[in-house]
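There is one chain below, alone, in structure tokens, taken in the form predicted alone.
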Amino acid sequence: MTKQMIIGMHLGNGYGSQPGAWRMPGVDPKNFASFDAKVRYAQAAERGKMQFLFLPDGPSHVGDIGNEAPHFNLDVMMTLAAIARGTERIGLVATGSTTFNEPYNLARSFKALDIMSHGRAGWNAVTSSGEDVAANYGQRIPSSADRYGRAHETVQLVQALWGSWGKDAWVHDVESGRFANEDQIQPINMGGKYVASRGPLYIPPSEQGQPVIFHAGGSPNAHALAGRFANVVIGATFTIEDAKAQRQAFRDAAEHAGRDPDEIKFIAGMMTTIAADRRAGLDRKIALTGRTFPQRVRYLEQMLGVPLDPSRLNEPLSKQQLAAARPSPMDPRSRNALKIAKEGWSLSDILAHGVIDYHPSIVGPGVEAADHMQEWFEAGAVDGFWISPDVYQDGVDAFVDGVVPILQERGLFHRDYEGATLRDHVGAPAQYGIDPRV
């Protein structure tokens, strides 16, 4: 069978990935606190046969709370518990910090979600790196060596706890009165430099055995952690060349750890504003984010290396500015920003193209998103994408109705779920407890 891409959807604060989403027509401004709204968006993604939902988490807020909602869900596990009851097939992936959570709590929460969802749970195991997050726990961010040292121990310990209830331990035989085979439910008594647990965890296996491990990061330490444990890597990259290099680094790390490189999938981010045409998409993006443009112009100046006037947002760059502009070697988005500028768009339209967004941004008809995804996928740069719609209220449906059918017609994306669990969806091999190869 021809290889097909994996597609997940970012699910954040209840509004969308763009500032201003909470104020768009048709959006309930109270959706930040609405679990029902998140269930609706998840159902729309499931209608599009997306393999998973991805919920980042960073239990802190350092943004413009006076004008914009925090980026994250109220609580990722409670959100996914609600979604688990309102969906049937889509995978449910939440971020959980290895730095600020005890392994036993992580093991219990994620395996309970796995049971509730009938084998659809995934854990995005990350170390956390923000001092603002650490401050909420009364701590400082540990060194990279300590953060990743604890992460390696934590993931191993969590997996050991997941496997501490034997596969066939749950007997629940009413006639004999035997609830479980106690010989298959054993303490693990594991400990290291950073974490320890006696165990066992008192939760039986799910339909997929145990949750799938995800990781988000791009450093050498991230490569080593994901190479040992992860089946899916959530990536951030702006060029095919960089995506290829990142994907290969994770594959090499998996092989170095004794695993098959094909077991690890590299999923790149993509932001979408799907509209009938480019002009309609740009107008929508301006309505969403235009309030931020005067500040963003100052950053665009650094990207292009020429002075820009925020009072002339509706004018293109002059010939003199374009001749002097050079993409900043410090920002991989700069080359695309200069390319857009040279096409003659106004300063406002350049920004509306998403040249400062934190993933490649597609603004326009669905075929442009499909073309982008096909080019990257067929180049061997990615195994799939995680999509961040501008506004969830209609942006998820816009992607499902305007992009997914094109990918399906091109044979690049499945027409239906081939299995029932997240392991089925992402091609992760069966595993229960610690991987004996690692």
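These numbers come from a predicted model, not from an experiment. Residue numbers run from 1 along the displayed sequence.
One more form of this protein exists, namely the form predicted together with another copy of the chain; it is left out here, but the text below deals with it.
Exactly one listed residue, out of E102, E255, E153, E301, brings a non-hydrogen atom to within 4.5 Å of another copy of the chain in the predicted bound form: E102.
Contact with another copy of the chain in the predicted bound form, judged by any heavy atom within 4.5 Å, is made by just one of K339, R279, R312, R178: R178.
Using a 4.5 angstroms threshold between heavy atoms, G138 counts as touching another copy of the chain in the predicted bound form. Mapping the unseen interface onto this chain, R23 counts among the residues with a heavy atom inside 4.5 Å of another copy of the chain in the predicted bound form. Contact check for W165: a heavy atom falls within 4.5 Å of another copy of the chain in the predicted bound form.
Within this chain, E343 is remote from the site of another copy of the chain in the predicted bound form, having no heavy atom within 4.5 Å. The candidate spot formed by R326, P360 and R415 is out of contact with another copy of the chain in the predicted bound form: none of the three has a heavy atom within 4.5 Å. Only one of 236-244, 82-90, 318-326, 267-275 places residue heavy atoms within 4.5 angstroms of another copy of the chain in the predicted bound form, namely 82-90. Taking another copy of the chain as positioned in the predicted bound form, the residues of 195-229 that bring a heavy atom within 4.5 Å of it are, in sequence order, A196, S197, R198, G199, P200, Y202, I203, P204.
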